[in-house]
Structure formats: C-alpha cells, structure tokens
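Presented as structure tokens, the chain that follows is alone, the form predicted alone.
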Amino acid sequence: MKNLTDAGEQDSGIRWKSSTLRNAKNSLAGIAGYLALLAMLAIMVSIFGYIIQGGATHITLKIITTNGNTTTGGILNAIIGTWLLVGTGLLFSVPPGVLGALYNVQSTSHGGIASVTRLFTDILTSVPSIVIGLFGYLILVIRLGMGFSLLAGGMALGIMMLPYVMRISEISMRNVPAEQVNNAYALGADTINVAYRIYLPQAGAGIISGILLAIGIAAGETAQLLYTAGWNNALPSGLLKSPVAYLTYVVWYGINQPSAYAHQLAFVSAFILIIMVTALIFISKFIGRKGA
C-alpha cells in the first residue's frame, strides 16, 4: 500500500508540475502576443500621427482645388489623376478577375488548368511593382507606342490588381453553399445561369470587398506608374501619349525637394492617400461582414 501511495503522490506531483509549466508557457505566450500587438499599434499610431499632423495642418482649399507641378500650386490634377488611373485599372482587372474566379470554381473536368491559373495568380501577386513598371514601360509605352499615358498606367495597375480580385472572388464564390449549386444544376440550369443566378448574387459582397481592397492597394502604388504614367502639371488630354499626375508622385518627388512648400504638398498628398485607403478598407470590411 505504501508503494501505491508513493506512486500516486509522485504521479500527482508530475501532473502538477506539468500543469504549472503549461500555464507558465501560456502566460508567456499571452504576454508576448500583447507586447507584439502594442508594438504594432505604436508603430501605426506613430506613422498615422506623423502624416496626419503634417498633412492636416497644411491642407487648404487652394491646394485641393488647383493644379500644380509638385513644387507650386495644388494637387487637384494628382487627385483626379489617381482616380482616373485606378478606374482604368479596374477595367482591366475586374472583368477578367471575376470571370477567372468563376472558371476556377466551376471547372470540374479542367481542374489542372484551374490549378495552373491559381499558381500563376499567386506568382503575379508576389511580383514586385517595379518589375510590372518595367514591363509596362518596355511593352506598353515603347513597343505599343502608348507613351506615358492614362491607358498605359491604368493597364499596369490592372495587372497588379488582377490577382487580388481573382483570388478574393474565388474564395467568396467557394463559400456559396454547395446545395444551392447542386439544386440549380438538378433543375436544369446551365453553367451561365448558375454563375449569374447563384455565384455572383451570393458572393457579391465578398467580390465587392475584394475590389475595394485592390483599389486601396492600387491607389498607393508608385513604381509602375513612374514608368507608365509619367507626370502632368494638368489633367490628361486623352488616353494615349498624355501623361497623368497622381498623388504618390507628389509624395515621392516633393519630399526630395528643398522647398518647404513642396514638403507641404507631399504631406497633404500622403494625408489624403491615408484617408482614401483607410476609408476603402473600412468599407470593404463592412460590406464583407454584411455579406457573411
């Protein structure tokens, strides 16, 4: 009996030590998580606070309602140009992105092609923006003769936005209940009817959320636009061979100038970009939750 009692006490002691060690590890992991979260929040608050302080204190009605050249005047041409470029990019990313997602979701006999499509989509997501800009400059600007233009810049942004639109659209469509799809096919619906009556309505909120996220990313891009859009002190006069102004150029160029006013324009442009991107992210999250 004594041996059994000693063995029980020893086993109980081992369990107690194991439980204590596990709780200590959990506590340390929790503390590390909180510290990491606080560090991230501190960095975000510092960045946002610095940009907001520098931009909000210098923004004026004249700056946002007049055209300029990054050192004098305003940034109206850059604000409008940014949205023109993003809008053009949507034309080259949303239709193929959504259609590609539909193909991947509905492809049963062509699973191999869908897998290859997903692979190249993931690769395109990781391609540096400067590489897309180089491609746009060599092919769109020079080879196809578009010049620095709205069309070349928009197409470069569209290439960057495409994988985001396609992947998020596909994920949203795969969340559609399989019973609804199977019932539609059982009732005699074809692939097109299932796409437009089941997938798109059910996954619409997720698709829109992904598009808004892609817009927010595209609005903050610079590298590919330096090689394809150029810069214009006014608004573009057409789709081809007419450069376009955009906000990130004002930030990139203005902050490197010795002029204090150029620095003000850079901060105001960064401030507007932060507001635009933050608003788009919150709207996309709101729409995504409504559709969930």
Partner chain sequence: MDTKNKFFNFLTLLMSLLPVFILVSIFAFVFYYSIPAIRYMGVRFFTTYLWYPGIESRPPIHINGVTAPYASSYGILLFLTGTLISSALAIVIALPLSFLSSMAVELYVPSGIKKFLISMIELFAGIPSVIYGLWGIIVLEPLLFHDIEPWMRDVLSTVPGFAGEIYSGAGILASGVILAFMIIPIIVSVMVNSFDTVPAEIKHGIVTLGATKWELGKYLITDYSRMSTYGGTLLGLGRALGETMAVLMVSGAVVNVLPSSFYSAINTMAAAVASLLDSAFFDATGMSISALSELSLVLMIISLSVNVLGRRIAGRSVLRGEEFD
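Just so we're on the same page, rigid core means the largest C-alpha set that superposes within 1.5 Å between forms. None of these values were measured; they are calculated from a predicted model. Positions refer to the first chain, counted from 1.
Keep in mind that the form predicted together with the partner chain is missing from the display, and what follows is about it.
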| query | finding |
| --- | --- |
| Answer range among 82-90, 192-200, 176-184, 67-75 for contact with the partner chain, defined in the model of the complex as heavy atoms within 4.5 Å | 192-200 |
| Selected contact from 29, 260, 61, 56, since only one has a non-hydrogen atom within 4.5 angstroms of the partner chain in the model of the complex | 29 |
| 4.5 Å heavy atom contact, residue 145 and the partner chain in the model of the complex | no |
| Residue contact check: residue 204 to the partner chain in the model of the complex, 4.5 Å heavy atom | no |
| Proximity of residue 239 to the partner chain in the model of the complex, heavy atoms at 4.5 Å | no |
| Residue contact check: residue 208 to the partner chain in the model of the complex, 4.5 Å heavy atom | no |
| Stretch 207-239: residues contacting the partner chain in the model of the complex, 4.5 Å heavy atom cut-off | 213, 217, 220, 221, 222, 223, 226, 227 |
| Rigid-core frame, C-alpha of residue 260, shift of 2 angstroms or more between this form and the one not shown | no |
| CA of residue 27, rigid core aligned, shift of 2 Å or more between this form and the one not shown | yes |
